[in-house]
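First, one chain by itself in structure tokens, the form predicted on its own.
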């Protein structure tokens, strides 16, 4: 089977490295995500363990779809009865790029028609559409008139860890936070501090990664557990994978500090950390009074910027002075404004272009000597 794991734009290298560490077969990065091949059990393992991936998709078919009829016929030719019955609910999502068919909603509707018609012909009854919580999620990617149809192995977006009770004013998605921590180069041994923690997402993702807490364990079930193919053998298989994941968890890890000047943000961080099952050192402190810990470790943060939150020059200037003084530390800053990079008054040792939703950011990494 061929799979595609989607990811936020720019985080594909982090996801590629993560899936290779899981020893998945034939891992290859691409635009918007990472491919791999294997069995459904491999995809289940990816759902349990990926921190950076957003959706794990099973490729069903790929065909030319220059018009609505070609899309319908290609989708209808798939053996949907392998995965679904008339009692199965479904939902179809579509994306279009550089194609004759330009409206994603129309592409999704035409694909849905093909699926339900094929099942009605076989069973004499058709399944129902359920947009909020379908048994089977179908994705259509139409690029340059080539349609590729997928089943969503995980079901709901994998960024939903289950611990975030409230998001705060400008939340960072858990998957993007995990990518930022990985791309910072953190070794999961030295201390890590987020001096502007907000809801605590970066610190929580770091602590969970260090303790080998599988993010997918918080889910009651994945999408593939609702497919028609999911029988007793498959149920035993996923139960075994969950047991292995629970056994892999470590009792402790390096100290992870979550700091902020806002007491409401710190209270939110404490609640989220407790729900996630991790322990943080939560402290009220201004970023301009960083005072990193010894021995040297990592400073990883997502300061306010641009459309996300208002930020003043004084904040950037004071933050940059504190970061430049963090000698012996590695500093990683997700900068959504060029002003933040200018305030550092030096070129980063390395950087990545990432996207926080529609906002183009740069993850700037500095080795402070």
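Residue numbers count along the first chain shown, from 1. Please read these numbers as outputs of a predicted model, since none were measured by experiment.
Absent from the display: the form predicted in complex with a small molecule. The rest refers to it.
Taken together, the three residues 172, 200 and 285 all lie with some non-hydrogen atom within 4.5 angstroms of the small molecule in the model of the complex. In the model of the complex, the small molecule sits beyond 4.5 Å of every heavy atom of residue 217. Contact annotation for residue 33: none of its heavy atoms lies within 4.5 Å of the small molecule in the model of the complex. Although the partner is absent here, residue 302 is a contact residue: one of its heavy atoms lies within 4.5 angstroms of the small molecule in the model of the complex. The closest heavy atom approach of residue 40 to the small molecule in the model of the complex falls outside 4.5 Å. A single residue from the set 153, 265, 290, 92 has any heavy atom within 4.5 angstroms of the small molecule in the model of the complex; that residue is 265. For the options 261, 281, 274, 239, the residue carrying a heavy atom within 4.5 angstroms of the small molecule in the model of the complex is 261. The stretch in contact with the small molecule in the model of the complex, judged by heavy atoms within 4.5 Å, is 200 to 208, chosen from 93 to 101, 80 to 88, 200 to 208, 140 to 148.
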